[in-house]
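Only one chain is included here, represented as structure tokens and corresponding to the form predicted alone.
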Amino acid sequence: MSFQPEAIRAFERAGWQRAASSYGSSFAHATAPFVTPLLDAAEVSAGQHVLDVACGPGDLAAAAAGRGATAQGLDFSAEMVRIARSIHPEVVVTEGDAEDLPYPDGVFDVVLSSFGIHHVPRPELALAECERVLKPRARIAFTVWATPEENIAWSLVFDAIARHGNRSDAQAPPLGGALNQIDQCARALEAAGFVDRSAEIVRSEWLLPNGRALLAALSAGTARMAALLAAQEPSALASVADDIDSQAERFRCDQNLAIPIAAVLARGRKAGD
């Protein structure tokens, strides 16, 4: 299947519309540990005007507001926007497209994105839009999930599907390109015109009671991973669940599993005097 931006956008929007109501109690626990490193990387502080692109339920924007910034959020899922407005009334949240930001040139001190840039059809366009709305010398920082080799929660699932299911069964349009390694993120920032670029792997742990809870969280709170899991035959999915439950036990620490997870944290600065 060829690269089809509109098909990707429709798939992702539908997936996040579905996941919105359960995201906070499921997948948000995986993304939460990376909020503070992301804010620190962008040097978010009081008095700044901050935009959170692909903001989901608005937790990152709210954390920026907690540092004294004036925070805005944008998401293409109407249901995510509704939830963000309800949970975080201190944040102005707009429904819109990351590839066509509805803001004037040069108005933000910081643009952030927490695990959102890789969900847009053309991340290079989204990053170019981020560059456009930033003030000269202003900062961008974003996170994306690292490769499964770095990210054990993902490798547990993909390995189990390889053994018992079919990874090609997912009813999802293919992405235009990967954005899950340090060099890929650095090149994307360079292509968008950012200077002082850097990227690094940031690690954390996802605390879950068992492997089946990992599967449940990914099914309830994601788009692409949920589609992959939903596409498996019921008997295969049962075997996948057993496999994950068994393999994940090596990460048990007292009452919970502490499953290693990893993100690429990338940052840059808009050129200017």
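Residue numbers run from 1 along the displayed sequence. If you're wondering where the values come from, they're calculated on a predicted model, not measured in any experiment.
Not pictured, yet referred to below: the form predicted in complex with a small molecule.
Every residue in the set Met80, Phe115 and Val120 has a non-hydrogen atom no more than 4.5 Å from the small molecule in the predicted bound form. Among heavy atoms of Gly96, some come within 4.5 Å of the small molecule in the predicted bound form. In the predicted bound form, the small molecule lies within 4.5 Å of some heavy atom of Leu74. Using a 4.5 angstroms threshold between heavy atoms, Leu215 stays clear of the small molecule in the predicted bound form. In the predicted bound form, the small molecule sits within 4.5 Å of a heavy atom belonging to Phe27. For the options Ala54, Ala42, Leu228, Ala64, the one in contact with the small molecule in the predicted bound form, meaning a heavy atom within 4.5 Å, is Ala54. Listed stretches are 42-50, 202-210, 55-63, 239-247; the contact stretch with the small molecule in the predicted bound form is 55-63, by a heavy atom cutoff of 4.5 Å.
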